[in-house]
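The chain below stands alone and is given in structure tokens; this is the form predicted alone.
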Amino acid sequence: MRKHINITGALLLMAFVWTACKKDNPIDEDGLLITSRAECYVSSFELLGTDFVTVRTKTATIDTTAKTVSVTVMFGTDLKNLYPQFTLAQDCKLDPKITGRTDFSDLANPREYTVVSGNRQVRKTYKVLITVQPR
């Protein structure tokens, strides 16, 4: 009988600890910590070619009001094989995730990325506007 009480007590203790930890450190579906931060913006942007060297001609312009990232790339850049790199506000995440090369060749329909705040309550969609430097 005493053995059953000890096992039941241990299970209840484990359930309490698991529940208590879950409330203190909630995580999202990607395993990232959900925080109380509501900030949600892109702070910098880089665009790399297949050799992982930048293809932009100058620093990207980020308009947090219009939610655009404007970047001019060198003439002749292979727009179908680029690696975008975003720097976001603390605890934010990007949707969709960047998993490899990205095709930016359709300049008439800019790619869109959504920045999700640390508390996962605020979502802002940014357009990446690419201009090819004239020859």
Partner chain sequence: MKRNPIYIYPLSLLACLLLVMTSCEKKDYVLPTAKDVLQNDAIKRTLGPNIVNDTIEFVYAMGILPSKGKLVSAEVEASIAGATGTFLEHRSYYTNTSGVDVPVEIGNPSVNDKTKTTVTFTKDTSAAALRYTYIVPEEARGKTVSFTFTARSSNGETVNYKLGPYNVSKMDIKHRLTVSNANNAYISIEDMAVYNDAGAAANANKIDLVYLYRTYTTSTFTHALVAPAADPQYLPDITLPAGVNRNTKIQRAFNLQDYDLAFLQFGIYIDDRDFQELDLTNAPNYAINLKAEAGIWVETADKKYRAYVYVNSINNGAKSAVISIKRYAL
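It should be emphasised that the depicted structure is a prediction, and the values quoted were computed from it without experimental measurement. Residue numbers count along the first chain shown, from 1.
The following text describes the form predicted together with the partner chain, which does not appear among the structures shown.
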Notebook entry, point to check: Out of T64, S105, Q90, T50, which one falls within 4.5 Å of the partner chain in the predicted complex, going by heavy atoms?
Noted result: T50
Notebook entry, point to check: Hey, in the predicted complex, is Q133 touching the partner chain, heavy atoms inside 4.5 Å?
Noted result: yes
Margin query: Would you classify P110 as touching the partner chain in the predicted complex, given a 4.5 Å non-hydrogen atom cut-off?
Written below: no
Next item on the list: State yes or no: in the predicted complex, is some non-hydrogen atom of K80 no more than 4.5 angstroms from a non-hydrogen atom of the partner chain?
Entry: yes
Next item on the list: Mark R37 yes when one of its heavy atoms lies within 4.5 Å of a heavy atom of the partner chain in the predicted complex, and no otherwise.
Entry: no
Notebook entry, point to check: Can you say which of 91-99, 27-35, 71-79, 40-48 gets within 4.5 Å of the partner chain in the predicted complex, counting heavy atoms only?
Noted result: 71-79
Checklist line | Residues from 102-119 in contact with the partner chain (non-hydrogen atom within 4.5 Å) in the predicted complex | finding: none
